[in-house]
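Only one chain is shown below, in structure tokens, and it's the form predicted alone.
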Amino acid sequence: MANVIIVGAQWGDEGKGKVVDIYTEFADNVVRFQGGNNAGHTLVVGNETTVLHLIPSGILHEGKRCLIGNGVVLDPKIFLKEIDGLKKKGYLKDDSQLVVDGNVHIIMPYHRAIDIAREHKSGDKKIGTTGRGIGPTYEDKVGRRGIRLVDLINPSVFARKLKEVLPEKNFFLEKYLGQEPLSEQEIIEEYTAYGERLKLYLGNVSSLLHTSIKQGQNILFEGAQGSLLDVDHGTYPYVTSSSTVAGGASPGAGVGPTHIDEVVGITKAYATRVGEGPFPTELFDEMGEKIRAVGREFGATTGRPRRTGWLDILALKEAVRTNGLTALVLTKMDVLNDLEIIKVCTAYSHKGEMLEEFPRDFEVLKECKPVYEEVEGWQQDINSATTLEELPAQALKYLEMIEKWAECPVVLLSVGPRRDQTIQLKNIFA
């Protein structure tokens, strides 16, 4: 038995969907424990591409149970659309394969409206959210005025709770954000219908997982976004609204930390970021454009071009520490195939001082300049490599240097977008 947490070790978009898809082969249960449909996991199986925003990536495997834990915020319209899309492709033939915890908080229309209007009002000081209502939903959760799935499936409770909160939301939308108020009756009709469909997937995720642990089953916990977007440990305020680090899996799924065996962090062979916020190694030249084009760096959720840059070891070491990573997965190494020289940031320069640790002070971080070490590129196609022995010497050296700098072993190497374009160095479930 092994229980493994998968998290992003950068600012998200590291390729977690593919990695979870691969590791699902060895898992009995795949659990999403935080975030909402602001995440996008892209999976390529054969010639078919599937993008998932809420449902765990393991859903593409028959006989695997996929669970959405209480730490997730759920947009029922998007969730049901994903279900319909999966069924159309021939997946999710057995509805018992998918379980949603009753304590997930529901993203309401006013959450989305507030999210979008706030960003617009903020102008140059915007955070760069996806506009999906994630932050406002977590605000209501913490403020104890949220609507959960257990409320939504009970029409009288849902109507009462909506009646209590909507006047405040409409006042804020109208008087401060200058938006049109929302209709209570329209929301009740639309969301009551969602509740009827969602009853089919309702369950107690914590209880189900504890039963699985007693039975000796393997569990894979799937994080969304990345460690540097964590609401506590990320580049605040340019972060997401949930705990993206591995520690968030325990409260987000109702499983104690003593049940976790491995924590695996996913990092690209370079770096990307979507939205606003500091990004010390960001490239603004032709190299940045080339990496974006070759790596197809556009958001799976929004389609926005991702900001691109060189790998940042200080940021990676921060992720290793805050997550307690036991292993790394290196993705998109093939994107660097044609480069003669690859740069890696191993320190920052700040007002004449050399920094070897990722600054937590936002004002300091945004003034940091990267200090690079150069690595010789391999300048050949590695997409078809299936073993380390098939990699060129320069690619192996780059891999070894990352392990040394991060002080964490690489257990999986992705050399292309497809499921079969992967080199497994160690099976973490073995």
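Quick caveat, the model's predicted, so the values are computed rather than measured. A residue's number is simply how far along the shown sequence it sits, counting from 1.
FYI, the form predicted together with guanosine-5'-diphosphate isn't displayed, but the following is about it.
Query - Heavy atom within 4.5 Å of guanosine-5'-diphosphate in the model of the complex - the one residue of V264, I114, V335, V344 that qualifies - result: Looking at the other structure, the residue within range turns out to be V335.
**Report entry** in the model of the complex, the residue from G377, G40, P392, P370 that sits within 4.5 Å of guanosine-5'-diphosphate by heavy atoms
**Finding:** Of G377, G40, P392, P370, the residue with a heavy atom within 4.5 Å of guanosine-5'-diphosphate in the model of the complex is G40.
Requested in this report: Report whether the minimum heavy atom distance between V44 and guanosine-5'-diphosphate in the model of the complex is within 4.5 Å.
Outcome: Answer yes; at least one heavy atom of V44 falls within 4.5 Å of guanosine-5'-diphosphate in the model of the complex.
Requested in this report: Using the partner position in the model of the complex, report whether D21 sits within 4.5 Å of guanosine-5'-diphosphate, counting heavy atoms only.
Outcome: No - in the model of the complex, heavy atoms of D21 and guanosine-5'-diphosphate never come within 4.5 Å of each other.
Query raised in the report: Counting only non-hydrogen atoms and a 4.5 angstroms cut-off, does V415 reach guanosine-5'-diphosphate in the model of the complex?
Result: The answer is yes: V415 has a heavy atom within 4.5 Å of guanosine-5'-diphosphate.
Query - Contact test in the model of the complex: T308 vs guanosine-5'-diphosphate, heavy atoms, 4.5 Å - result: Output for T308 is no: heavy atoms all beyond 4.5 Å of guanosine-5'-diphosphate.
Query - Candidate stretches 203 to 211, 187 to 195, 75 to 83, 324 to 332, one within 4.5 Å of guanosine-5'-diphosphate in the model of the complex by heavy atom - result: So the stretch in question is 324 to 332.
Query - Members of 16 to 32 lying within 4.5 angstroms of guanosine-5'-diphosphate, judged by heavy atom, in the model of the complex - result: The stretch touches the partner through K16, G17, K18.
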